[in-house]
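There is one chain below, alone, in structure tokens, taken in the form predicted alone.
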């Protein structure tokens, strides 16, 4: 069942079709989970199976056409796409390419756009894509002019509400950590317990959870859990991307085990201060590069320096979306962009500390979607 009313998806189709007309595209061919969710309201965890390809054709006029494995037909018919073509998959001889090429031919495309940019992929075997091109010798496969990416980047009010709900659930889960996590637990035990807490608070599932449990900071922010138990003065970091109704939150919290190392306390204060500074300056029309420069300068002080990499990113149907808060991204912030703010600091001991929050850009400036977190709490 689609997450929103039909009108929400019709608006998305019309916006995409207007952009297609400007770009000179007859249609789009979409194959990724995120695009099925955005344009077809199709949500399933079955994407974890890599066996079957899925195709969505959005012409410059008219409604989208789903060309999908027959296993997905019943669920697709509960959504907003009513033109559905299926085949019995997997088919070792023709896994949907015949029916897809016939669909494109019947519409009469002279060209069709595919997502070409970063954060996209062609979710079909390269051999099948070659076969599709051979079956459509008069159809030009072109860059989609970032149409799908750019539309997903600016959220509707309904999408913002979904993300805010996910953030609220994670915020409630983080608030329970000092009372429910014990310092004698290993990081693996903490991960399991935290995911249970998230589910209890209303998460549908938790596709992403990373963290650390190390002395006076940590060395990376993407590690899986381990069975080593924490010690007095260690830092526990939990970074979650949970999903509620199809949309992600993405933020972390740092906790101290038993007591706080003064250096860690100072670093954490810098991070939270820089986060508030960024929120203050994130206004419609402000270049993302300017926010990056502002944060970089503010992070470097008193023996501390800015950590490497980007300092935030977009958020929505993906855990991380376009754009990135980096020095070379000159795109202006726009109304209803949902962004993470993710300053990272390198401490004198060589370890890092990261703090992350989520905001939406509005006419009144950046609005927090995640609860404020000041001093690091002690477990």
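Model, not experiment: these values are computed from the prediction. Positions refer to the first chain, counted from 1.
This protein has a second form, the form predicted in complex with a further copy of the same chain, left out of what is shown; the following refers to that one.
Trainee: Is residue 350 one of the residues lying within 4.5 Å of a further copy of the same chain in the predicted complex, judged by heavy atom distances?
Mentor: Although a further copy of the same chain is absent here, residue 350 would stay clear of it in the predicted complex, with no heavy atoms inside 4.5 Å.
Trainee: Could you confirm whether residue 115 comes within 4.5 Å of a further copy of the same chain in the predicted complex, counting heavy atoms only?
Mentor: Yes, residue 115 sits close enough to a further copy of the same chain in the predicted complex that at least one of its heavy atoms falls within 4.5 Å.
Trainee: Hey, in the predicted complex, is residue 61 touching a further copy of the same chain, heavy atoms inside 4.5 Å?
Mentor: Close contact is absent here: in the predicted complex, residue 61 is far from a further copy of the same chain, nothing within 4.5 Å, heavy atoms only.
Trainee: Any of the heavy atoms of residue 123 lying within 4.5 Å of a further copy of the same chain in the predicted complex?
Mentor: Residue 123: contacts a further copy of the same chain in the predicted complex.
Trainee: On the criterion of a non-hydrogen atom at 4.5 angstroms or closer, are 186, 303 and 372 all touching a further copy of the same chain in the predicted complex?
Mentor: No, the candidate spot makes no contact with a further copy of the same chain.
Trainee: Though a further copy of the same chain is not shown, can you say which of 293, 232, 82, 91 has a heavy atom within 4.5 Å of it in the predicted complex?
Mentor: If I apply the 4.5 Å criterion carefully, the residue I get is 91.
Trainee: a further copy of the same chain isn't shown here, but in the predicted complex which of 161, 127, 228, 287 has a heavy atom within 4.5 Å of it?
Mentor: If I apply the 4.5 Å criterion carefully, the residue I get is 127.
Trainee: Please pick out the stretch from 293-301, 175-183, 219-227, 260-268 that is in contact with a further copy of the same chain in the predicted complex, where contact means heavy atoms within 4.5 Å.
Mentor: Going by heavy atoms within 4.5 Å, the stretch is 219-227.
Trainee: Would you mind checking 53-80 for residues with a heavy atom within 4.5 Å of a further copy of the same chain in the predicted complex?
Mentor: The stretch touches the partner through 54, 71, 72, 74, 75, 78.
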